[in-house]
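What follows is one chain in structure tokens, specifically the form predicted alone.
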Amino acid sequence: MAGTTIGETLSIGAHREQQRPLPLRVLRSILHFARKKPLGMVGLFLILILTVAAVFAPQIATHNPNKIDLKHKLEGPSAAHWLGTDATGKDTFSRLVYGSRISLKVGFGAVALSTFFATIIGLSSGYFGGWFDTIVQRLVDAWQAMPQLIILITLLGIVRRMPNVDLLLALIIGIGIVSIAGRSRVERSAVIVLRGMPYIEAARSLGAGHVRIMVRHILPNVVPLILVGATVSLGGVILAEASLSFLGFGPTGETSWGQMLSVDGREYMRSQPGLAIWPGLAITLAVFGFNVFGDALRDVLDPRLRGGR
């Protein structure tokens, strides 16, 4: 090893790392992330708890979330009802667990929709530039200038009067559409930097078409930015869904955290504070988890931030 160069040493280390079993490599990456970004690891832990609660809600919930039991209404925490009950005797803990399903459905659905279209708009606008970029960006400016909350309330108010229309799907589409403009701006700025790189000029000189350059050479380098933006956006979408449910525009017949705050939290906050505290705390922890994990993920995936630290 005395005559081994630094490059050979790094190559040997990388080869040994690739020979490790995949679970061991994943575990090493998680431990490295936890050591470098402890707050980000806390956010990941909160996200995992939220995901497990949503996926295994029937197994985790101690009661039927919609079961009315007037004999035990407005009770405090007990062995039978861990977080107490609401004005109709429904179990608060079970309603919180099932409420996580609405948050994740709306969150992942709206973010997936906005990410798909924002990537198309940002990629094409940043790559072609010129008059095409000018027109697209003026439309994006007008898009962002619209009052998003008023548009969502109007849209959901119309949908509620339409028969056989899924309000949850309308909520996902509405929040996803109003989130596209801001996301596309961020991705466009990254594409503008990448399109002037030497390897892009080399691909163009070899006869690669515009679609091939965008998909094969630019998009893979924008993926880390897209992942970070999607993770951070999840917290904002969950907060938007809770706000709309609080105002009475959420999905009917399904338990949601915003609805819990609006219906029982406001009316019985003095006699039973837990009806306002628990759903508010769940919303806070969910948004906090996605935000801090997204920030940590950005620091890890962004080479400029990683190199500066």
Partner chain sequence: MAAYFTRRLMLALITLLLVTLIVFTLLRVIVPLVYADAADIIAAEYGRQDPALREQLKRQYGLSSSLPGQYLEFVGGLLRGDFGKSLFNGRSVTGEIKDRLPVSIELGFVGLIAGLLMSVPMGVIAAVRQDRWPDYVLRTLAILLNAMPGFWLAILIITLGSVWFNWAPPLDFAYLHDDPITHLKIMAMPALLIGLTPSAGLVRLMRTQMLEVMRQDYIRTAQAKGLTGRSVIVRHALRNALIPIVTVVGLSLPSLAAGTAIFESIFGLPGMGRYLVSAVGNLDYPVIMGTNVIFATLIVFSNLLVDLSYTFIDPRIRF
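Residue numbers count along the first chain shown, from 1. Model, not experiment: these values are computed from the prediction.
The next section is about a form of this same protein that is not shown, the form predicted together with its partner chain.
Engineer: Would Leu261 count as touching its partner chain in the model of the complex under a 4.5 Å heavy atom rule?
Structural biologist: Taking the distances in the model of the complex, the answer for Leu261 is yes, it comes within 4.5 Å of its partner chain.
Engineer: Should Ile173 be counted as a contact of its partner chain in the model of the complex, where contact means heavy atoms within 4.5 Å?
Structural biologist: So Ile173 does not count as contacting its partner chain.
Engineer: Does Leu155 make contact with its partner chain in the model of the complex, using a 4.5 Å heavy atom cut-off?
Structural biologist: Result yes; Leu155 sits at the interface with its partner chain in the model of the complex.
Engineer: Hey, in the model of the complex, does Val287 get a heavy atom within 4.5 angstroms of its partner chain?
Structural biologist: So Val287 counts as contacting its partner chain.
Engineer: Quick check: do Asp141, Gln144 and Ile150 each get a heavy atom within 4.5 Å of its partner chain in the model of the complex?
Structural biologist: All three within 4.5 Å in the model of the complex.
Engineer: With its partner chain left out of view, choose which of Ala61, Val55, Ile68, Met269 has a non-hydrogen atom within 4.5 angstroms of it in the model of the complex.
Structural biologist: Contact with its partner chain in the model of the complex is made by Met269 alone.
Engineer: Counting any non-hydrogen atom inside 4.5 Å, which residue from Ala34, Ile49, Leu247, Leu27 sits next to its partner chain in the model of the complex?
Structural biologist: In short, Leu247.
Engineer: Go through 160-168, 197-205, 90-98, 73-81 and give me the stretch that gets within 4.5 Å of its partner chain in the model of the complex, heavy atoms only.
Structural biologist: In short, 160-168.
Engineer: What residues of 21-51, in sequence order, lie within 4.5 Å of its partner chain in the model of the complex by heavy atom?
Structural biologist: Heavy-atom contacts to its partner chain in the model of the complex: only Leu39.
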